[in-house]
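Listed next as structure tokens is one chain, alone, in the form predicted on its own.
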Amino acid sequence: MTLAQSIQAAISQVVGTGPVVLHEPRFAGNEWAYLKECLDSTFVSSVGKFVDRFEIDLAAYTGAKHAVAVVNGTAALHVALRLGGVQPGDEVLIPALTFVATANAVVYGGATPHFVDSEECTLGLDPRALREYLQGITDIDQKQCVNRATGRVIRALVPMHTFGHPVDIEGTLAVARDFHLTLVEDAAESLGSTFHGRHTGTFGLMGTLSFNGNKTITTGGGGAILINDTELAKHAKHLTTTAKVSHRWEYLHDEIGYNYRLPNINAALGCAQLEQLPDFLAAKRRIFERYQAAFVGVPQVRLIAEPEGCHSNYWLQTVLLDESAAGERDAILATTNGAGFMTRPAWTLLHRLAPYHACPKMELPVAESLERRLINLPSSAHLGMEGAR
């Protein structure tokens, strides 16, 4: 049996027969009831009780003081970087191994992405390698980190919690502190994940979430900014509501704002989904355990587990091929997809994409290795519900 066939057989043990998609939402709670209530109220746009409730419930769940709901995770990160002081002409450090939205949000603010390497144990950025890199290429001038090669200020650092696995946030925070960088967490994939008991997205100045249809919970499209500073949260809500000054009838806008508020009808869906999040997370952990058992004895493959001291939401179950098997990745993808099991590689590293060829970057040996070897497996929560197989 080839490696591709062995992996296909292991997947089949967990999910049964195909077709099985990579990740799909599950609607088994109050979604219909809340959507009907929203429709009956006629408040389906950016004002309504479900928006307020969703923000309150999300803040309570994550432990953040405030949550500001927006139209998607990219919008959340765009606004968070602006509120974090990122200015046109700045550079922002982001992992090369992340979804393109992380880089796009940087560019929306007129800044330049600066790509950094990852570590294999978390799949997130490597703070030790980053520290060594910054020591060699930057100067600190009046509490600003300046890239000697470009002359630009490196203003912010954006770690991303890859596939829901928490990055080494303590090491990352230390780098941000020592190099005077604003830390904004891209927690788009990690709702329900914790680092030593504290929810991802609550360590930096701000954190951002996504509720796209393929995330652990969904609002259809949607995102949120997690913020512990009350004044910053007020500013975030103001910016994402076209910077409109409250008035009974006048249309007054006191700065450039964005039409980024989450509609009430999407928030209604989110409220129902959030109620089911503990069950989704338990199901995803069961999926991981079943894959773990299924892959015992499959050579040259390791199932990615949560980092030590962390609790992962296991958003996307992921295997890592040995370097010796990296050349078989595409054959594995072809075999598994051909059998009806949707598997996917990791994203193309951002510095390889046409819009980002010229951006600054450090050497990326680990990210380049991970790109060749990572494969995501079917991970929908319903696969881990009792009796699903």
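If you're wondering where the values come from, they're calculated on a predicted model, not measured in any experiment. In case it trips you up, residue 1 is the first one in the sequence shown, and so on.
One more form of this protein exists, namely the form predicted in complex with another copy of the chain; it is left out here, but the text below deals with it.
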Discussion item. With a cut-off of 4.5 Å between heavy atoms, is N266 one of the residues that contacts another copy of the chain in the predicted bound form?
Written reply: yes
Worksheet item: So in the predicted bound form, does E132 come within 4.5 Å of another copy of the chain, heavy atom to heavy atom?
Response: no
Worksheet item: So in the predicted bound form, does W347 come within 4.5 Å of another copy of the chain, heavy atom to heavy atom?
Response: yes
Practice prompt. Could you confirm whether K36 comes within 4.5 Å of another copy of the chain in the predicted bound form, counting heavy atoms only?
Written response: yes
Worksheet item: Counting only heavy atoms and a 4.5 Å cutoff, which of 140 to 148, 97 to 105, 290 to 298, 189 to 197 contacts another copy of the chain in the predicted bound form?
Response: 97 to 105
Worksheet item: Of L320, M362, L333, A325, which one comes within 4.5 Å of another copy of the chain in the predicted bound form, counting heavy atoms only?
Response: L333
Fill in: Listed residue that, although another copy of the chain is not shown, lies within 4.5 Å of it in the predicted bound form (heavy atoms), from T182, T202, N72, Q276
N72
Item to complete: Tell me whether T42, I256 and N259, taken together, all sit within 4.5 Å of another copy of the chain in the predicted bound form, counting heavy atoms only.
Response: yes
Discussion item. Can you list, in sequence order, the residues from 347 to 370 that come within 4.5 Å of another copy of the chain in the predicted bound form, counting heavy atoms only?
Written reply: W347, T348, L353, A354, P355, Y356
